[in-house]
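Next up: just one chain, as structure tokens, the form predicted on its own.
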Amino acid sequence: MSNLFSSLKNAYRLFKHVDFQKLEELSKKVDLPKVVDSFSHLDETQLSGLMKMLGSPSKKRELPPIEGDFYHLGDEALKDEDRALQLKVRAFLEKEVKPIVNQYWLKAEFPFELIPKIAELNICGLTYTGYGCPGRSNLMEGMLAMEMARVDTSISTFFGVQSGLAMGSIYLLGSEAQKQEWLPSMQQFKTIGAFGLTEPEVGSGAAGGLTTTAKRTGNTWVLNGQKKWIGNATFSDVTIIWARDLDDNQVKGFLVRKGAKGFAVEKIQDKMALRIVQNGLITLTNCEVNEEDRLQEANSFKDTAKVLRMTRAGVAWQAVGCARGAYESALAYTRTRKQFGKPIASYQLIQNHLVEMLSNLTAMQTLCFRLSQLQDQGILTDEHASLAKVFCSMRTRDVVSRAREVMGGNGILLEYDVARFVADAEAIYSYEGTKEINSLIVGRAITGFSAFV
């Protein structure tokens, strides 16, 4: 009698959530009395394990948070005030940028309504001292570059051109008068800047092969040539133009104001990446610039390289953000997408892809953290920045590729975001120095031999 009672008790515990109609249908397929008898021989531990395996319908599975900072580097390295700023920027991006970014990316247009809202964050020129700039750490700047690229690389690029390349050129190489004139208004986004170095026929060879020329006549410089891929150029108020001085053959920088005679910009169309960024083809035809608008401390390409060294670290952080956005989007997708009756995140092959992605992402994050520390210590070198650019841009390619793979066909749809990250990763791979050029910079440092042509 006790065995029968125990059997019935265990059977009730197992089948109490099954309605009688289903139980009747089940009885046609299995020998229920035999099943009940088998349960009578299970002890409490075995029965508990069986119930756990079958799953309790009354208890919802608790999933871990989706977090791309697996080693909690942000929590450990940032001061409380910096962490608060990071989270403030993240909340802004989630609320203001993420809902509209795909539609602007598809149309290849820029959301100008975001500019005053970004200005309110007070993060432009973050690491500069004076001129209304916050004077924060390079680590903080890198983290914010990552946060922006985590939602959209185009917005991060727009910000990097304004805060890094354009403002950085003036901050590092301008006269005091130039800094006073431009930096405060640029910090508040009242003035938009652009940075014109790359040319239609000159990208990697900019150090010694610029074809844009500058000729001084009295107190005026006359510029001729073209610049290509210049971000923000279609709407910038001031554009930094780098040109080769015909008299001494050295590269010099010029502040070309909006509306300058002989300065024309054509928007580059049909891009597959960074479609929100408004890249321009600039044509300079006897464009006159006063001597007072020449960057007074820019006398050779070595000075130009100072700006590139600083911003190249930011591009490495952008790569981290792009990879993180793809990883987190893919992880969220795999936890809700079901195949064969289960979330695809529960399958071994998908988990392997996710772990490979997280491994690359975590390695990139730790490298960039150290890079920013070197920058804050004032010992960052060209090769330090170049190694980070090489590694992070390569690994980002791998992360976004795996993110697209785990999402199957949906991975190529804009609505799931990963397709945009896949495309934008290709631009990150090339700008601020290709993988090959940055590799040669590092190679020269470690071997003592220059392999440049």
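Small disclaimer: the values here were computed from a predicted structure and weren't measured. Quick note: we count residues from 1 along the sequence shown, nothing fancier.
There is another form of this protein, the form predicted in complex with a small molecule, and it is not shown here; the text below is about that form.
Only one segment in the set 227-235, 283-291, 121-129, 372-380 has residues whose heavy atoms sit within 4.5 Å of the small molecule in the model of the complex; it is 227-235. The single contact residue among 162, 279, 212, 154, judged by any heavy atom lying within 4.5 Å of the small molecule in the model of the complex, is 279.
This chain is displayed alone, yet in the model of the complex one of 274, 251, 223, 183 has a heavy atom within 4.5 Å of the small molecule; that residue is 274. Proximity of residue 325 to the small molecule in the model of the complex: non-hydrogen atoms within 4.5 Å are absent; the residue sits far from the partner.
The closest non-hydrogen atom of residue 317 lies beyond 4.5 Å of the small molecule in the model of the complex. The small molecule in the model of the complex comes within 4.5 Å of a heavy atom belonging to residue 436.
When contacts are judged by a 4.5 Å heavy atom cut-off, residue 142 does not count as touching the small molecule in the model of the complex.
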